[in-house]
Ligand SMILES: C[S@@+](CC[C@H](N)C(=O)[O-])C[C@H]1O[C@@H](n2cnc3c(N)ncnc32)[C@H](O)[C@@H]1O
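Encoded as structure tokens, the following chain is the form predicted alone, with no partner shown.
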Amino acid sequence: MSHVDSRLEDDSNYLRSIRHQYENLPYPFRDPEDEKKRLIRPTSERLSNLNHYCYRGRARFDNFRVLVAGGGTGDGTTYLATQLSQFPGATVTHLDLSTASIDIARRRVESRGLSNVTFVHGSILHLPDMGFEPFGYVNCTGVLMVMDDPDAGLAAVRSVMGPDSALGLMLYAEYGRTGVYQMQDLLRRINGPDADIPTQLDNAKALLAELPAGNWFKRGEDLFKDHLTLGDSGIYDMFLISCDRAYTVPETYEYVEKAGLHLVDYAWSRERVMLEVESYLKEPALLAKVKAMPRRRQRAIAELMCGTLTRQHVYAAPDDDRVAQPGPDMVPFFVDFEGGSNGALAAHIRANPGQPLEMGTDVLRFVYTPGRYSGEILARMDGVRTVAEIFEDIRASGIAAGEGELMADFLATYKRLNMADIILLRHKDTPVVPEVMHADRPGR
């Protein structure tokens, strides 16, 4: 059974206004009854993604321990616990400072009949004193940047990570949220220091309805949806929160490194695409100049060119050798693409050899030009065969292709499709992680 363990003895280390906000307006608001008809599946918390980006494709999730630090109303907790319920001994600890948020998360978990979650009412800052053994994975999404001391918050999270642990971290991105911060400033000037929550919300709603077309937030409103879809909690969290800072790409790298961690990669495919300079630069000489720069600097340039990145959603770990790499013993597999089937893509490529395909995210598209053997490779990617076995089967079919030719085609295909989270890798000795699509039914 899930239960609540209170570790919040006092709130002296908290921004009391933040705690007051989330007790009155749990964010994001969720109706636990909705768990009967849908499962919110944050891609960054999919076990297949974690295995690929954080554990070199070699993770085994039996007895795996997860901490959701600042778990709020339970999106990450519910999805992680649902997936981990397939693995003996795997557990999730949900930590939050808001009892109202914990109550929603608890009811969501209970509606799924899950018994692998412990709820702790407490502060991230108290983690070093809670007596936890290191967790295999820590999720800390949208929390540290609303603390008065984000560095202390990350240091506390780091204290419950071991050498093999990984962290999923989401911070706000500075440039894409420019209009949001102007709105926050505007509302602080209107509300003053003493307005209560209902008054602040009324003023924000009235202001949103009166914004002129040239207002910076109005011009970029399509980047945001919380104020439109999450009711009062979405409006308050976006425009009226008392503490909110944002980070650029270089600042995000520096932030995690200051805590003794390495930024392994960006966790969301759309952010990886947005931070690729090829998404914008086409002039060959200029592109070559930028591509010769370190990856971090390339991403800083792409962020400035794009201008619409609103979140820095990254994986971090004590070492930087975490992402699964293509090789003969790795199993490439499709994720969330054509229902997990490679048939349609492979057939299209076979029927249109060498023809570019436009692919990508809902924000940015990119061009993928298949190689000579790409269709043959994709057609044999069944989630069971290794790269070496795929190549062997191609040659056994009578296609005279050298190892180098096949690997070159595979690497080019893998790079493009992995960037969009269409293809991931796991080591051949690592068990398949069944995907959970709805309710608590794996593989549906």
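Residue positions are given as counts along the sequence shown, with the first one as 1. These figures come from a predicted structure and were not determined experimentally.
Form predicted in complex with the ligand: not shown, discussed below.
Put simply, of Phe391, Tyr27, Tyr414, Phe64 only one has a heavy atom within 4.5 Å of the ligand in the predicted complex, and it is Tyr27.
Taking a 4.5 Å heavy atom cutoff to the ligand in the predicted complex, the contact residue among Val436, Ile18, Leu425, Ala420 is Ile18. Heavy atoms of every residue among Gly70, Leu97 and Val143 are located within 4.5 Å of the ligand in the predicted complex.
The ligand is not drawn, but in the predicted complex it has a heavy atom within 4.5 Å of Met147. Among heavy atoms of Val273, none comes within 4.5 Å of the ligand in the predicted complex. Contact annotation: Ile124 falls within 4.5 Å of the ligand in the predicted complex, judged by heavy atom distances.
The closest non-hydrogen atom of Glu174 lies beyond 4.5 Å of the ligand in the predicted complex. Segments offered: 294-302, 70-78, 325-333, 208-216. Contacting the ligand in the predicted complex at heavy atom distances within 4.5 Å is 70-78.
Along 226-251, a single residue, Asp237, places a heavy atom within 4.5 Å of the ligand in the predicted complex.
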